[in-house]
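Just the one chain here, the form predicted alone, laid out as structure tokens.
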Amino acid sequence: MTTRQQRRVFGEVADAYDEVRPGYPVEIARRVAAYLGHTPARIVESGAGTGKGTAVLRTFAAPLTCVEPDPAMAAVLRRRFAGDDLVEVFLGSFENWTPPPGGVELLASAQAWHWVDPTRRNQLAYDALAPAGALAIFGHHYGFAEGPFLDEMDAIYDEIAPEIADPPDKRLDRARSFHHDEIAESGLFADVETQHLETIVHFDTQRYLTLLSTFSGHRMLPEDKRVPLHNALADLIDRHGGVLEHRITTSLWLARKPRP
């Protein structure tokens, strides 16, 4: 019997992932360029997925290597950038990708850096970068307005699937410091900083359930838990008007490889 790996379940719903996952603001590229002090000449993206972050990185008009381990996700990525001579797709993990001699000026990862081996990722990033090159990690944190709706949603998770419930007191902290401390404490990088952008995105009931189906925690639930959970959440959203407002915090973590 094949054991599913949580980091590899996204390919099961690659098209849905591409359809419903929110993209990233182009402002991310402007902030990365400002941090670097110039436009990067060469970029590698770890865990490119279907190209949500790639679309922002592509605005640099620089050669871009997209590293993606899942064949189904990589297939969507290739379709999206078919005929684009600046975009190269490497099918494999970041751990197995070999940097070019001298490294790259920008290593980026959108919503995927936490899947890289935690015992090696900082060293792998350091080794992949040219001197004074930048590591740019960015990703969304999905939040809700406080109040009765959030309390009701928490109660549903606590009753049906407590193993993936998000402790209320951890939501903001996780959105704001998820990668910063680990990078800073590695001792490999300089000028570590964290920035945030906020946007509001609306989901009707069905689109929200599709979004949930692309989250690894939900995908790993057994069907006898996932179906009741999604049904209960659908009933909750319908009772509140059938549209869910997401306040999305997009966090950007930046770090620089020091010059020798």
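All values reported here derive from a predicted model rather than from experimental measurement. One rule holds for the numbers: they count along the sequence shown, beginning at 1.
The discussion below concerns the form predicted together with a small molecule, not included here.
In the model of the complex, at least one heavy atom of W115 sits within 4.5 Å of the small molecule. The closest heavy atom approach of R21 to the small molecule in the model of the complex falls within 4.5 Å. Looking at S186, you'd find every heavy atom of it more than 4.5 angstroms from the small molecule in the model of the complex.
Looking at Q111, you'd find a heavy atom of it within 4.5 angstroms of the small molecule in the model of the complex. The putative spot formed by E105, R121 and Y126 is not touched by the small molecule in the model of the complex; no residue has a non-hydrogen atom within 4.5 angstroms of it. Checking E95, D154, E182, E88 against the small molecule in the model of the complex, a heavy atom within 4.5 Å turns up for just one residue: E95. The stretch among 32-40, 228-236, 49-57, 203-211 whose residues place heavy atoms within 4.5 Å of the small molecule in the model of the complex is 49-57.
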